[in-house]
Structures are given as structure tokens and as C-alpha cells.
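As a starting point, one isolated chain is supplied in C-alpha cells, in the form predicted on its own.
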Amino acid sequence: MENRQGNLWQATAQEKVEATPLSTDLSVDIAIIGGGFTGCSAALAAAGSGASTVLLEANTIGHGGSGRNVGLANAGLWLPPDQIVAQMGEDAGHKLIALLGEAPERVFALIEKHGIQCEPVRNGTLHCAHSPAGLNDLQERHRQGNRFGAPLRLLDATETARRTGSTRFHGALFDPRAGTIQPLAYCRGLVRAATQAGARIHDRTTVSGLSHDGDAWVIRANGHHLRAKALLMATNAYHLGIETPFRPQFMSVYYSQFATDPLPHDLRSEILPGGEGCWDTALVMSSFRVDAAGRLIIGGMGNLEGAGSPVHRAWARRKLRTLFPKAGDLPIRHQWQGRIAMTSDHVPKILEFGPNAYACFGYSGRGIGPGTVFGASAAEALLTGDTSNLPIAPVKHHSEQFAALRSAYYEFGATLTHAVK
């Protein structure tokens, strides 16, 4: 029996956070609830503009999905461009596509500007065709992406095998704009930079309720009251039982990851030698990448703390042996999971739930780039009143029908797929 440890990113993050629980009453320009990509990006942007800024996190910075992420800094959304335009309209769709197409550039620019130690590798990502039908899908995504100005390249099976080290794929779509990072370290690095810009960061600070008194938002946390002219809710899939004027509605999808010991030298030069991050075209998606130490990280949908845990663990070993037979018996040292907030249309939301208050959520598994963009732009809009730079127009209401039932359906589907394959 392997001695499996928890979250790899917790064990290897070079960035550290110095934060304390909220211990006094405060009055600020903007309060941010949630210490993930969205909240940390917002805190950095707000403090950088000179606004008095406080970020409150119930646990520790990056505790939620941001610190459990695969670490693929992708461009765009999971949806192909034509579908985004069909759902949102020409102007809104084109704007979102353009802004999120530039998201990796913003991520890597912040990493460089603030010297964030998060193992950045900007060698692109590979969307790998798991079947002939998957290759057809990639061909269509290639056509659409290039039409919208994305520098995508469609690779054949031979080139895909050379880049990945696996012969299991029928081809791949290469996006040179993207790359990989250590996601928890990136999150912590944003907070470090925000602190240096003047933001106050309080972790282990649980918000028990909030309300608007006609002049400002009043936030109750750790037995103290915080007044803020503007408020950003950035809890995403980890929204706790806060007494708020709203609750973000989404489907909660679990994603689990498994990291091996570092690859031997001969396999390190054979498996993902360029360091691209990868995911496949299967309906029940899986991902694979390497970290700076050469650990091979396999990911897939599924809840490691649920009834299907033994199935997902067994699947990870089989998947490893199927994709990379030479590495198939390497010890798996780390395993962890996170929750994804998914909307039914797979488009993120900005909900305006009160005076000068936004909630950003629903990245559907694309947290790094969109979270960075949405957080910074939301903070700017709340502080200035200018909404022109928001990636999408805020809405007053958003609801999801049968969200809990659909979440259970996704987990059942992942468990069943992992059991039979």
C-alpha cells in the first residue's frame, strides 16, 4: 500500500503568506471575500490603484479550488468561440473571447512583474484527441480559433506522441499562448504583491453575515464589524454558509489529482519533454502534466472523499499505465481534490447583488486566466463605477435548476466511467 500524502501544491509552494485573523473593526474602500485567484487578483488591482483594501479568507489563502487547481494557465473558455458568440451575442461574445484570449499574457506578466515563484513554464498546452471523434472536435476548434485570431496549431498523432510521450492520442490542438504554473504559489504570490501595495490580508476569518445599511456594506467576521464602500464576493465553489442577500448558484463538480515520484532521468526526457500541460477530449475529462521536479500529475473528474473514492484511485493507476507504460508503476505519492463551480452554459457570471457589490463565479474549470481577469476588472469597476472593462455585463439574477441533482449526476457519471474503463 502506497503512503499517499495530500495536496502536492501545499508541499511544494515556495511562496509563503504572512496573514493574521481579523482582530479589529475596520472601514475600507473595498472588501473582498475569498482568497483564490479572483479575490487575490482583485486585492492586488485595488491596492495598486491606491484604494484601502481588505481581503478576508475563511481558511488560508488558496485553500479552495485555486490551491487545488491543475495549474494550466489556458486561454479562453472551455466552450469553442462560435458557441460563446451564439450564447452571448456578437459584441459580448467577441469581447469575452478577446479578453480571455489574452488572459495567459496577463498571468505571466504578473508573475514576472512581481517575481512570483510559481514554476512558470510558458510552452503552451495540448488538447489531446482521445478518439477519432475527439480529433474531429479539435479540427473544428482549430478552425474557429484561428478565425478569431488565436495562433492554434493542429498536430498529427506522430507529433502528439513526440510531445507527450504517449501513443494513445489521435492528434492534439496546441495553444502557444498558454502554459503551466504552480497554482497555489501563484495565488500566494498575488497576495504577497497585494500586501506590498498596501492591502490588508486576513486569513482564518470567517464571514458570518453581511448587509448594507444605506451607506456602506457591513461585514460581520470573527466577532468584528468591517465597513466597506464596495464589496466583491469571490468565494466561487467554496461559498460557505454566509448570511448574504444571495447565494451563488452553480453545479459543484469534483476534480481529483494524483502525483507520482519524480520521473527517472530517461523518462523525463521522453514524457512531456517540453513541459506542456495537457487534457483530453473525453466527456469525462482527464489531464496530465509534470511539475518542476518532474513529477507526473494525472487528474480526472471524481470525488476522492465520496463513495466512489476506491474507483477513482484505481482509475488513476490504470490511466497512468495506459498513457505511459514505462512510468506505470511509479509510486503515487500525493493525491488531492478540489471543487469546480460550473454553470449550465459554461460561461462565468458577474452578479450585481446589491449597491456597489459583485460576485464572480462559475469558471467551469478555467480558474487561473479568467479568475485573474475577472477579479482585477471587477475591483476596478467597483472602485471607479466604470464597467467598460468588465469581461461580461453584470446581471441582477442568476439561477440554476436542479443544481444539486446535476452535481450528483456528474459524480455518478465520473464514477461509472472510471469503473468500466
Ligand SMILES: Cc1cc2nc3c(=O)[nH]c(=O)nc-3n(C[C@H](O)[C@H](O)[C@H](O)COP(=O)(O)OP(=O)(O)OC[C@H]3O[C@@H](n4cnc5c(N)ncnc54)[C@H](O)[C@@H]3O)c2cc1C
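Residue numbers here begin at 1 and follow the sequence given. This structure is a prediction, so every number in the text was calculated from the model and none was measured.
What comes next is about the form predicted together with the ligand, which is not displayed.
For the candidate spot formed by 79, 177 and 277, no residue has a non-hydrogen atom within 4.5 angstroms of the ligand in the predicted complex.
When the ligand is considered in the predicted complex, residue 160 lies well away from it, no heavy atom lying within 4.5 Å.
Interface residue remark: residue 363 is counted as part of the site for the ligand in the predicted complex, having a heavy atom within 4.5 Å. The closest heavy atom approach of residue 391 to the ligand in the predicted complex falls outside 4.5 Å. Put simply, residue 248 is far from the ligand in the predicted complex: not one heavy atom of it is within 4.5 Å. Segments offered: 37-45, 350-358, 382-390, 23-31. Contacting the ligand in the predicted complex at heavy atom distances within 4.5 Å is 37-45. Here is the short version: of 96, 242, 152, 155, the single residue with a heavy atom within 4.5 Å of the ligand in the predicted complex is 242.
Proximity to the ligand in the predicted complex, taken as a non-hydrogen atom within 4.5 angstroms, holds for one residue of 340, 116, 263, 216, which is 340.
Contact annotation for 202-225: residues with any non-hydrogen atom within 4.5 angstroms of the ligand in the predicted complex are 205, 206, 207, listed in sequence order.
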